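Presented as structure tokens, the chain that follows is alone, the form predicted on its own.
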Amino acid sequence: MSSVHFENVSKHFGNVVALADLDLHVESGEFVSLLGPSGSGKSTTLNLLAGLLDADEGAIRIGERVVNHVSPDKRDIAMVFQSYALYPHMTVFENIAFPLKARRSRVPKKEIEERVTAVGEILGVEALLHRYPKELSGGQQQRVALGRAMVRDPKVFLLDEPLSNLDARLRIRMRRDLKALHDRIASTIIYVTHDQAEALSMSTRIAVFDRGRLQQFGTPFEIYNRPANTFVANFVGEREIVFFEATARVDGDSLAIETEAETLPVAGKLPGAQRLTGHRATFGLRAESLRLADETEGTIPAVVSEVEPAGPDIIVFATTAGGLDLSCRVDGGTAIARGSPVRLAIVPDRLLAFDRETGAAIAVHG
């Protein structure tokens, strides 16, 4: 395994900036997801690292070696694509063994058998080694594709949306299996996805891209709970975040948010509230940022506009007296109906604030 470093790397396609001044360092043994919408630069980043594209500017390092002008086959990487690309006329054993048999330096037959068997055991396909791809399920085929990459023992694994062809339940299972596999082999993995659930559940760190620029690079906790700007806050999360402009009224560690139509108290202390003094900021509230409350002090009166079952939870949509549409997540056993009056409390640790001009986060959590 090895570290990966992008140093001020840029890539253009004509007048289109696909990637701009990327500075990104992946530690050896990390599982890093490149996350973003279509056209954000994540696949360009992966293809530059793989050697499928040439950088216009900057340096790309694998370990200590600059690989800008190193051919893909000499970079000691292994790539797994969205399509499994298995050879249909070969058995599972032959598919996994193919990279070893294709090497210029001959690998002894006994070593090939040992390595393929070991990889098969790690991936749980040891009983399938004599089957053909058409006899396998989608999840099994994906494991074989991973095995073909693993048998080479590369410095870095590159995974390009490898789970997107699987059904929803199998994707969840494969996310857990991929995480367990990484924990076991401790290899450096760079994983491209547009699915935030994949990135949040598997990654050591996540790099969020938008329009060719890196927006934030941090742990799943940081990306979700401490987004760097409004784009990251809105892109990462099961549902769109509610943004609204307001003025902060600060009294010690207490905070009230004044919109043009109403005042929204924050239920509890916010250690960094003073940083909002005098600011007209953009505030962000997710469903997790609010809770239903019984008490009247420090809460917001609202009327339920919609109730949406979401498995074990219910998403309650409610409109405040000032016309602000909010939502909160409550237990699935809660009895609540459209038109019901409720009181909402803002959870201090879940409140997000951003500079109105730049969209950059204002740190209000200590």
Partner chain sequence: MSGAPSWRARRRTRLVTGAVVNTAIILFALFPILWGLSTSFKPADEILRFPPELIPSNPTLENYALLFRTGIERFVLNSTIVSVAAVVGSLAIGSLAAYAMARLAFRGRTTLMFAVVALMSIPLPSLLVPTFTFLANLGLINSRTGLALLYTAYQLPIVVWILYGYFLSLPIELENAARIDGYSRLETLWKIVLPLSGPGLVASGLFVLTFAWNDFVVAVVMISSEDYKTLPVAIYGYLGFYGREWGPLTASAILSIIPVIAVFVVFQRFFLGGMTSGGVKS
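In this text, the rigid core denotes the largest set of C-alpha atoms whose superposition between the two forms falls within 1.5 Å. Positions refer to the first chain, counted from 1. Everything numeric in this text was worked out from a predicted model, so none of it was measured.
In what follows, reference is made to the form predicted in complex with the partner chain, a form of this protein that is not presented.
Asker: In the model of the complex, does residue 84 come within 4.5 Å of the partner chain, counting heavy atoms only?
Answerer: Yes, residue 84 lies within 4.5 Å of the partner chain in the model of the complex.
Asker: Evaluate residue 224 for contact with the partner chain in the model of the complex, applying a 4.5 angstroms cut-off between non-hydrogen atoms, and reply yes or no.
Answerer: No, residue 224 is distant from the partner.
Asker: With a 4.5 Å heavy atom cut-off, would you call residue 73 a contact of the partner chain in the model of the complex?
Answerer: Heavy-atom contact with the partner chain at 4.5 Å: present for residue 73.
Asker: Going by a heavy atom distance of 4.5 Å, is residue 98 a contact of the partner chain in the model of the complex?
Answerer: Residue 98: contacts the partner chain in the model of the complex.
Asker: With the partner chain left out of view, which of 277, 117, 165, 263 would have a heavy atom within 4.5 Å of it in the model of the complex?
Answerer: Looking at 277, 117, 165, 263 one by one, just 165 meets the 4.5 Å heavy-atom criterion.
Asker: Within 4.5 Å, heavy atoms only, which of 133, 272, 237, 139 is in contact with the partner chain in the model of the complex?
Answerer: Partner contact (heavy atom, 4.5 Å) among the options: 133.
Asker: Heavy atoms within 4.5 Å of the partner chain in the model of the complex: which of the stretches 240-248, 76-84, 291-299, 180-188 has them?
Answerer: Stretch 76-84 is the one.
Asker: Counting only heavy atoms and a 4.5 Å cut-off, does the partner chain in the model of the complex sit next to every one of 52, 89 and 103?
Answerer: Each of the three qualifies.
Asker: Within 4.5 Å of the partner chain in the model of the complex, which residues of 145-160 have a heavy atom? Give them in sequence order, or say none.
Answerer: Heavy-atom contacts within 4.5 Å come from 148, 152.
Asker: Superposing on the rigid core, does the Cα of residue 93 end up 2 Å or more away between this form and the one not shown?
Answerer: Yes, the C-alpha moves 2 Å or more.
Asker: Once the core is aligned, please say if the CA of residue 156 is shifted by at least 2 angstroms between this form and the one not shown.
Answerer: No, the C-alpha position differs by under 2 Å between this form and the one not shown.
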